[in-house]
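Take a look at this single chain, the form predicted alone, given in structure tokens.
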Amino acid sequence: MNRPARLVLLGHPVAHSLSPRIHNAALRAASIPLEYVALDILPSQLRATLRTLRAEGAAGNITIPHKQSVFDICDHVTNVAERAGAVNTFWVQDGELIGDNTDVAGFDFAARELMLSARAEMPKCVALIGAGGAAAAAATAIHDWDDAELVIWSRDLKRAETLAQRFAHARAEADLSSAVKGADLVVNATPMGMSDDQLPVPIALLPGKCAVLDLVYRHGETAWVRAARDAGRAASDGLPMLVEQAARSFRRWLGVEPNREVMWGAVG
């Protein structure tokens, strides 16, 4: 695989993203003369932008709200992207657009780190809030956790049902309190809390000993993570997932292992 001509992040919005900081630190540490740039792309601009990037031989990441749309646009996707039904990493190979999903491994890493810090076993029941691209990646990882039960809640029940139908031991739930009842791990895979202090699940609804994983990240952590921790739950935001998926994307594009300490240092 040839080195990409440029590296980009496609999303809307993207101004908040730490990905450029993470990747550019890793690129400098590896002495690779590329710059990773965030591009705010409206859904109506997505296909034309990808045509241009394909012609340039670019590579990059995909974030909200484009992960599932890019899955449909790619010429080929990896097995893990096929299972997730979403793409967060792309590159050009022999003139074709290839999609992968490193969010799956990133989520698995973040969840295992959280449960390890809580000195708890891997969850037997997971409540997943959301049904978009990030939720699909989480569900793909959870599917491999020794038959863990997955309960999916979304404001759009039909989307939750559609996602649940793709995985064994998964079901959609119309009522939020019923969805989180009995969960060992509650995961927020929506953008809620990214730009405000809304809580995706009220703390009073969380089971007493559940862990909380918020895939949103903000400086100083999200309000939900802080509130859950104050209430005695083990909790983490989305930074571990972000850094790990970035490291795996970096390796996909460039064929070298990035310096994860440098990546963490860029967001520390």
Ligand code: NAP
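Nothing here was measured: the structure is a model prediction, and the numbers come from that model. Note that residue numbering follows the sequence shown and begins at 1.
The protein also exists as the form predicted in complex with the named molecule; that form is not presented, and the subsequent description refers to it.
- Contact check for Asp156: a non-hydrogen atom falls within 4.5 Å of the named molecule in the predicted complex.
- Using a 4.5 Å cutoff between non-hydrogen atoms, Gly85 does not count as a contact of the named molecule in the predicted complex.
- In the predicted complex, the named molecule sits beyond 4.5 Å of every heavy atom of Leu53.
- Within this chain, Ala139 is remote from the site of the named molecule in the predicted complex, having no heavy atom within 4.5 Å.
- Residues with any non-hydrogen atom within 4.5 angstroms of the named molecule in the predicted complex fall in just one of 237 to 245, 223 to 231, 45 to 53, 31 to 39: 237 to 245.
- Using a 4.5 Å heavy atom cutoff, none of Met122, His143 and Ala179 lies near the named molecule in the predicted complex.
- Interface residue among Ala81, Val151, Leu185, Ala189 relative to the named molecule in the predicted complex, by the heavy atom within 4.5 Å criterion: Ala189.
- Annotation for 126 to 144: interface residues with the named molecule in the predicted complex are Gly130, Ala131, Gly132, Gly133, Ala134, Ala135 [heavy atom within 4.5 Å].
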